[in-house]
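First, one chain by itself in structure tokens, the form predicted alone.
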Amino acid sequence: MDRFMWTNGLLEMNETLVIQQRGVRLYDGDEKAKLEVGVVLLSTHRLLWRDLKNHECCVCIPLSQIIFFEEQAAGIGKSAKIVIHLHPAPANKEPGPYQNSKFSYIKLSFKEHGQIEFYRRLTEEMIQKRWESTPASQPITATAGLKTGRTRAVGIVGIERKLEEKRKETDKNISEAFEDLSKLMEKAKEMVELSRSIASKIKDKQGDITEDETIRFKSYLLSMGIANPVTRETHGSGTHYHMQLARQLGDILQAPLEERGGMMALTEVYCLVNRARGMELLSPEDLVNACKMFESLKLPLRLRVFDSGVMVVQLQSHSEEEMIASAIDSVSEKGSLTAEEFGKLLGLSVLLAKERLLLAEKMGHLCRDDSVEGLRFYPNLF
């Protein structure tokens, strides 16, 4: 602590504030300094500490005095610290809070965290050594009169300049990000156009392409996404749009539903469809309205709403009796099951597994045990 000297806390010419952190206590070696918790500031030239209540109580040390520094992890009841090892105090050092000290290092104890970012910025400054670009003879302490006023103005200008540089850098990063997004959207549109042209060629050359080759081509298109998604721009709005959307959903959901046992939660359908549509995303409202038209359009799918309010899309051929029988057989075989266990057993989501068990319970085939361990279903022996 005998390396520190008093200062007015104002930034000098060519000095810029890098970072500051509240809630920091100074240690003289392993002993707490006779100063309260305050704010530590890192500039391009100095390390400063200022009292929170008494701003006139401010000390600093040049960064050129630092030999090396290291992190000290937090412990039980102890804050994380940065240990800074220092050169001996120069003979012409200005007065400070300590005239002499038995330690050659100090500690910064971070009561309100922030030590990771502060350590990173301190490392950067010690590597760049920007303080070497200013004369070593430049005064650090404040002088009276006009010079003090000029120093204060320079400090404010320095902070404003730093904020302006950060704003410009942020604007540049945002502009670059939007440029990348624009390029991605252009590529996505090109892929959609390519898939449309391939689909039209398949239609034009039905006689020249075998049925197996046609199926293979369509599977490739589906892996890229929906070849020609129904949008409001192409099919208008209102009922006509929802009818065309329902027909397209009937085509793309047939295979996924068969793979998942004939039923999918509407949330799963929403994610699956929008992933396939690429940039032409579908709103939840449009999806629900389209699913409600399955039955009127005589499509092989149905929208079902359980008593709990959960909405699912299921195949028309999906048998409720088989679903209940499957639940009864699984519970009888295992003795008892929770929705999570039943879902893992059949490869279903927990939501759908629970609805199947509740349906079997409603029909009187299962009974429940609702305890602190959760909801568990048993065969109904009565």
Partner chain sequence: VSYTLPYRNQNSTLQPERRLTEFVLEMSFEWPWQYNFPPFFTLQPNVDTRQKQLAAWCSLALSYCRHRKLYTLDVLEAQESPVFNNKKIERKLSVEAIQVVFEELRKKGNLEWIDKNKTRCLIMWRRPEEWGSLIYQWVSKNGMINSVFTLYELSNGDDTENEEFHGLEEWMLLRSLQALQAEGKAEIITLDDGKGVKFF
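Residue numbers count along the first chain shown, from 1. Remember, it's a predicted structure, so these values are computed and weren't measured experimentally.
Same protein, other form: the form predicted together with the partner chain, not shown, and the subject of what follows.
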Is there a heavy atom of E15 lying 4.5 Å or less from a heavy atom of the partner chain in the model of the complex? no
Contact test in the model of the complex: I19 vs the partner chain, heavy atoms, 4.5 Å: no
Does any heavy atom of N380 come within 4.5 Å of a heavy atom of the partner chain in the model of the complex? yes
Can you list, in sequence order, the residues from 357-382 that come within 4.5 Å of the partner chain in the model of the complex, counting heavy atoms only? E361, K362, M363, G364, C367, R368, D369, D370, S371, E373, Y378, P379, N380, L381, F382
